[in-house]
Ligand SMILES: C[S@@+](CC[C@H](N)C(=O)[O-])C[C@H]1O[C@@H](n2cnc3c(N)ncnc32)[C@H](O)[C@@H]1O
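Encoded as structure tokens, the following chain is the form predicted on its own, with no partner shown.
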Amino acid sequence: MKKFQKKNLSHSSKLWLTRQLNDPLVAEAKKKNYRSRAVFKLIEINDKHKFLKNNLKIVDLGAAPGSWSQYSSKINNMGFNLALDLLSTEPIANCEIIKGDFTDSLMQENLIKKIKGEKFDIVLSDIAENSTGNRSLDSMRSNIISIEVMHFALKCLKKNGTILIKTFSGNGNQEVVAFAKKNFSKHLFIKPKSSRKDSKELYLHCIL
């Protein structure tokens, strides 16, 4: 495989690489054998709201590379853990991995079959669209996915079940807020300290 040189990268790629190399949470994730720094957002939010427990049915949408599923499956070690992504995900202990699209109706039926016709206790999603460089467009596209995740949860989540999903401030956020208010008994937007300061990402914690 041909090795890349930093001088051959685009400006945005150089900024991303520099940020990764200088980010202490990237190093900490590697030290603790987590696949990405994103795990610390889940840990931080769960430490405060304590929704991850044992003996549950948990699905992680857009799971790759898998750090959220790594963490949740450790807590839910006597329950059922499922990770789903369009991309391939390396095996995770105590977690079943499926490659596919969660918005596909046949896939949703397959997921329910995995839990023997029951529903999930928790739906997790750290999905974000790939960046176009246009922050307004990126927010809108990612918030559309957030609403898709909530639609999924309405079909596949138990009453009083919990969702934690990534959303973005800016374009499309009002629609996310309106949908959450209409369809969930409780909702809360969270900006974890482990989220990068320049990021517009927020995490939406809802109870059905």
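For every residue, the number given is its place in the sequence shown, counted from 1. Computed from a predicted structure; not experimentally measured.
Another form exists, predicted in complex with the ligand; not displayed. Remarks below refer to it.
Does L87 reach the ligand in the predicted bound form, with heavy atoms at most 4.5 Å apart?
The answer is yes: L87 has a heavy atom within 4.5 Å of the ligand.
is_contact(D126, the ligand) in the predicted bound form, heavy atom dist at most 4.5 Å
Yes, D126 lies within 4.5 Å of the ligand in the predicted bound form.
Does F120 reach the ligand in the predicted bound form, with heavy atoms at most 4.5 Å apart?
No - in the predicted bound form, heavy atoms of F120 and the ligand never come within 4.5 Å of each other.
Is P91 close to the ligand in the predicted bound form, meaning a heavy atom pair under 4.5 Å apart or at it?
No, P91 stays farther than 4.5 Å from the ligand in the predicted bound form.
By the heavy atom within 4.5 Å rule, which residue out of V177, A38, I147, C156 makes contact with the ligand in the predicted bound form?
It is A38.
Just one of T103, T132, N110, N77 has a heavy atom within 4.5 Å of the ligand in the predicted bound form. Which one?
Spelling it out, the residue with a heavy atom inside the cut-off is T103.
One stretch from 157-165, 178-186, 57-65, 23-31 that, in the predicted bound form, holds residues within 4.5 Å of the ligand by heavy atom
Selected range: 57-65.
Residues of 177-195 having any heavy atom within 4.5 Å of the ligand in the predicted bound form, listed in sequence order
The stretch 177-195, when checked against the ligand in the predicted bound form, contributes no residue at the 4.5 Å heavy-atom cut-off.
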